[in-house]
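Quick setup: one chain, the form predicted alone, written in structure tokens, and binding and motion questions come after.
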């Protein structure tokens, strides 16, 4: 197994730093001087600069000024640091909106936005594209040979929609390319319902929320436009600096199909803001969810990613903005590294004196001191990262994948029927949790991804799947793979048209060998039971059911019924089945469970397939172990999310990379603690 190259070429270190805005402090040169002293003290080696600095780079139309940032870049180089230099499209200056008003986005009501706010521009605006292309080219030409230039950071959390006539006309052209004729689009949209049949392309209005396929296509167009825009910015940079990687910071959202964006950048990066220390189980839910999203972004590029933003202490935009307890910041940072990140970057380095986010957590507070608890903990993270150079380029290797498909999430969210909300992400997390706890690496992929490299694929509620996805899943099982799916599988095609002949439809009907008569929805507090009718190793006699019961029939005698519903008018109908298809097996789970069934069935399947956790180490509740490897050495990240110390018994001898010593036997991990253990690869 070959290591990946560092995300910053010729800089083989874990990146540590943050969003730095020195232009806010031009009138305070002593503060900027302090920052560079503090960088060294906090073990910072990388900062993101220029994100909102368009007016600094271009104070008036066509007039560029790099003098201030030249000094910053020179100082970074003098300290051996790298800049993640941003293109400032997220911080458009007021003069730009005044001179080119068409760059301002139009909302669904047809009202053009005003200047101000953050981001918010029409991505199809020729004026905006021309202006940012020219500025990016000028920046690239100016800094192409600067030793501090490590990578390009395109825009900032780029997102948003525009409903101007140009965007709507472009969308209609997008539809013409996809469907060719009005007859085709009317058939795909089932427009005879409610009399929505189009007789001219100009009749297509994207704000019509009653046509689900139209909503889906608009979202697809918006995401194609986003990817095209990011590629447009990148092209200007790559023309001048072809060897400098580009990235853009993505977010935890089901509103954007980042898989498309991931294809046009060199490094995937994202901004992570978990709600640590929430009440009760919500704390661990945040931990599991964050691990899930780390794996999702890692899986997009199939290589190490970057944590571009996280809060060193607390956020400023939640209902309750709770800080991280001592130790939690280091644990959360190392969780990202464990799942494939090669950076820990913060928003923000120094708290702004004014503006919307002036009370958002930062490394340096308004007091300006370097002896605060937060600064000390950030410095500790930097010191730990400095010991992990040999982990750079290693990878998480997965034999298991969960399909969490963004377009499917859109379709489920729009679906009128069953229960609200559909809780798609939550269902995926119920399958992810037991794998994470056992230290089994899991890729989080989409329905368009290839499945050949996996032994076990979990497909929760894949309500919408095109024929290609159904064929891909079928081929996976036929070739010997093990498939586990649930209710809501294979109901509609890519246009949200119901598949005829029963669900699951298409090729999946053959794979599972069952058909659903109906989906019974349970009220909150209403329960049913899945009762095993055959003894299956690793499974209990019965499992409690909540929310959904899929009323199944088998299509042939070869389908094995493992469990039945115990109660109500559908008592005795299949609740859990398995079908041999080709060389593999397909399990269908026709009910929802709080999670104990998921843990048991995945324990059974991973045991059968010989899929083992990172180590044979028994962990208490709220602890986890994650592994990266280069094929020669394994690096195990043992994480304690408890508010108390835990003891674990190691299954052999390891080298503790943070303590610089060999360890074996019983190991104590502090509350919110982390141990990084190295061993020869097994």
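Note that the structure is predicted; figures quoted are calculated from it, not measured. Positions refer to the first chain, counted from 1.
Below, we turn to the form predicted in complex with a small molecule, even though it does not appear here.
- Proximity of residue 485 to the small molecule in the predicted bound form: non-hydrogen atoms within 4.5 Å are absent; the residue sits far from the partner.
- Among residues of the shown chain, residue 198 is not one whose heavy atoms approach the small molecule to within 4.5 Å in the predicted bound form.
- Using a 4.5 Å cutoff between non-hydrogen atoms, residue 449 does not count as a contact of the small molecule in the predicted bound form.
- Contact check for residue 271: a non-hydrogen atom falls within 4.5 Å of the small molecule in the predicted bound form.
- For the residues 57, 39, 637, 52, the 4.5 Å heavy atom test against the small molecule in the predicted bound form is passed only by 52.
- Contact with the small molecule in the predicted bound form, defined as a heavy atom within 4.5 Å, holds for exactly one of 157, 257, 233, 496, namely 157.
- Of the candidate stretches 519 to 527, 336 to 344, 133 to 141, 149 to 157, only 149 to 157 has residues whose heavy atoms lie within 4.5 Å of the small molecule in the predicted bound form.
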